[in-house]
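Read the single chain below, which is given as structure tokens and is the form predicted on its own.
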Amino acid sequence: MPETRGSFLLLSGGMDSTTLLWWMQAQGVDEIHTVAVDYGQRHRAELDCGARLSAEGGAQSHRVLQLDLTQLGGNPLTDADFAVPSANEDNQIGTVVPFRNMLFVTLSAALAETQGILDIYLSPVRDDHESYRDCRREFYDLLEKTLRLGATRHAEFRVHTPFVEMWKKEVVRVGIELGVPYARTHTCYEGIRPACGKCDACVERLAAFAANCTVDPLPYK
């Protein structure tokens, strides 16, 4: 493996991963490279947001990796035949793309190995634990071991999840203190601006800002 240097951040262009970029800069993490994944998501607006926020947040580089998950079907985030459920339907689990985070981290690790990078950051939060089983720290502990075992050469990969035990409202509090430009992030599962304000992602985001006694700067329908 080449000499190790830098870190990869999975930057979707959403609220949590953007906060993590600003947090990493505040923590003095050197040579941050951001990675987004185009997996055929309905909310493709996040890809453009991620690219712009990467540059604004001072990342060294930004890459978009291709991973076609539309072929799996059966999910409103990747299949236009399915409607995005509103939060009041209590069906957030219906938006789970199977093994999405595992695929994202593994794909990033494959690229990281070629670049001599061992540190991978991503931003699962505590709110996600119930519906998204791959947002729990124990999952990443095992995935970290798997990456080390499966690498082409000996590589002490580290998967960092600094926000994994924080509630989304706590992440927003951190972001407000750091001056994160939340107006330029994208969250809505419908992929529209103004945002729908009804999907689980929008409702959770609005609640996080309300918990901090501030107004979300995004426009809503």
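Note that residue numbering begins at 1 and tracks the sequence as displayed. What you see is a predicted model; the values in this text were computed from it and never measured.
Quick note: we don't show the form predicted in complex with another copy of the chain, though the next part is all about it.
Asker: Even though another copy of the chain is not shown here, does Arg173 get within 4.5 Å of it in the model of the complex, heavy atoms only?
Answerer: Residue-level check for Arg173: no, no contact with another copy of the chain.
Asker: Does Glu113 reach another copy of the chain in the model of the complex if we count a contact as any heavy atom within 4.5 Å?
Answerer: Glu113: yes, in contact with another copy of the chain in the model of the complex.
Asker: Although the partner isn't part of this model, could you tell me whether Val29 comes within 4.5 Å of another copy of the chain in the model of the complex, counting any heavy atom of the residue?
Answerer: Taking the distances in the model of the complex, the answer for Val29 is no, it never comes within 4.5 Å of another copy of the chain.
Asker: Does Ala55 reach another copy of the chain in the model of the complex, with heavy atoms at most 4.5 Å apart?
Answerer: Output for Ala55 is no: heavy atoms all beyond 4.5 Å of another copy of the chain.
Asker: Within 4.5 Å of another copy of the chain in the model of the complex, counting heavy atoms only, one of 61-69, 46-54, 188-196, 163-171 shows up; tell me which.
Answerer: That would be 61-69.
Asker: Using a 4.5 Å heavy atom cutoff, which residues in 100-117 contact another copy of the chain in the model of the complex? It's fine if the answer is none.
Answerer: Residues within 4.5 Å: Met102, Leu103, Thr106, Leu107, Ala109, Ala110, Leu111, Glu113, Thr114.
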